[in-house]
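Listed next as structure tokens is one chain, alone, in the form predicted alone.
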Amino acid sequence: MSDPRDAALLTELGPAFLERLRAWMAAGRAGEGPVLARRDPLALGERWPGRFDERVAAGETGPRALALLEAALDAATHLHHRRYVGHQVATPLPLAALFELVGALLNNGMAVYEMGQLQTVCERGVVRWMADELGLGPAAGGLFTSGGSLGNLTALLAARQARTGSWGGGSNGARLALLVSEESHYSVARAAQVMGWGKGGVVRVPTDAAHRMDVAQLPARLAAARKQRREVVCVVASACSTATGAFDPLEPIADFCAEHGLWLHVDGAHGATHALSRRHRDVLRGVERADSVVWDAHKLMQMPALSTAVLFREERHALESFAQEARYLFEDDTLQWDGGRRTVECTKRGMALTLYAALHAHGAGPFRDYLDTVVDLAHAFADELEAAPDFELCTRPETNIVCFRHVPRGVAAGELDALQAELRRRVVDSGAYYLVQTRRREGLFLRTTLMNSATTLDDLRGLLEALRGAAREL
């Protein structure tokens, strides 16, 4: 029997693991193998059941671990494959994966400073850099948390506290509300309900033809909420929407918030990385006036999930969100350093250390280059779609998300939705490409998110040919 705590396992199994992962990543970037090989869940469950031996012989540990690694790769959606154009999930950098290993082995949580000293300092450093890139000003600060959903909740808790003081015993929130685009991420509405605002606490603002918040509708929606005796405390702007990649017009929204004394929260989970670009950051014009911004590093910053920054124009709001006493854990003299004061999590992993390491070792330039590469590719793909008579572009892309549909001659308008769904199924089942779909008011569209810098315009032309071929087979 081997000792599971033996540090020698790192050198016995580590090289084989790293070489296999290197080859798998390289094969995907070269376009080899399927993007997804569908596996029946029942068959997988039979091969890997929830039954375990009481003891394992010393010679079996390595082979068992390597077999499970192969199974994981075989069943994986290959995000590093150049023809993966599906969800908004990063292709993580190799160095990021290595520092995830460091973080997992150290296992230093960040509730209190002394349990995660370097992790805390690196988090504050990355937060300062991100706030500067957004132009939030010298008083800005923030924190990292586990994903955009928790990030939006954290920011909205701060908005509630800043406008009502309800965390400390003020309004119970039952009549509070926020204004949000009808294209907003579902986590915004979920956060409002978690805070007890109810469905009526989310006031939807219509979008324009480009799927952006229609700013002209804000006064009427605010008046309607007040007529229902709702106290609106916040406007949530999308930068960008998940469905189409549309950026709400932040400057006029900020003007509206300033006029009415409302908190402005920008859900920049996907699009905040545009701040790094010299050529594509105009979509964020006005973000520097936001009271809070959510920015996912596990999207366009090429970090493993989950890794989300919640940034405040005034750092004091990061502490006000969770103003609680826990004397067994927090000491007053370390207030500004204890991460547990700022987040839902207590034992939070050091996610910012991974991003700090990548920025420290590679510099910021490669991150800017990556953003430009994938956005430029989206624009070029949109040009191809507009030039093709048998494809229809949903809207011109502002980021690396492109929505379109196949409209072959002779197909009735009422049949287009079913056609897109069937084409997607056939192409994904073939393993040649992985793409998703989204329902818009105009109908069902195919949706691509260009996350892999190895993806080329020829790959995307091949996708169009694959869709045409699937349509001819119907």
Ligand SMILES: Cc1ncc(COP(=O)(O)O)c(C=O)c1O
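All values reported here derive from a predicted model rather than from experimental measurement. Throughout, we count residues from 1 along the sequence that is shown.
Missing here is the form predicted together with this ligand; even so, the following discussion is about that form.
- Only one segment in the set 147 to 155, 281 to 289, 108 to 116, 336 to 344 has any non-hydrogen atom within 4.5 angstroms of this ligand in the predicted bound form, and it is 147 to 155.
- Within this chain, H185 lines the site of this ligand in the predicted bound form, having a heavy atom no more than 4.5 Å away.
- Not displayed here, this ligand is kept clear of A309 by more than 4.5 Å at the level of heavy atoms in the predicted bound form.
- Taking the partner from the other structure, this ligand in the predicted bound form has no heavy atom within 4.5 Å of any heavy atom of A352.
- Proximity of D296 to this ligand in the predicted bound form falls within the 4.5 Å heavy atom cutoff.
- Taking A269, L300, C403, V235 one by one, only a single residue has any non-hydrogen atom within 4.5 Å of this ligand in the predicted bound form, and it is A269.
- Of the listed positions (S277, S181, T244, Q88), a single one reaches within 4.5 angstroms of this ligand by any non-hydrogen atom in the predicted bound form, namely Q88.
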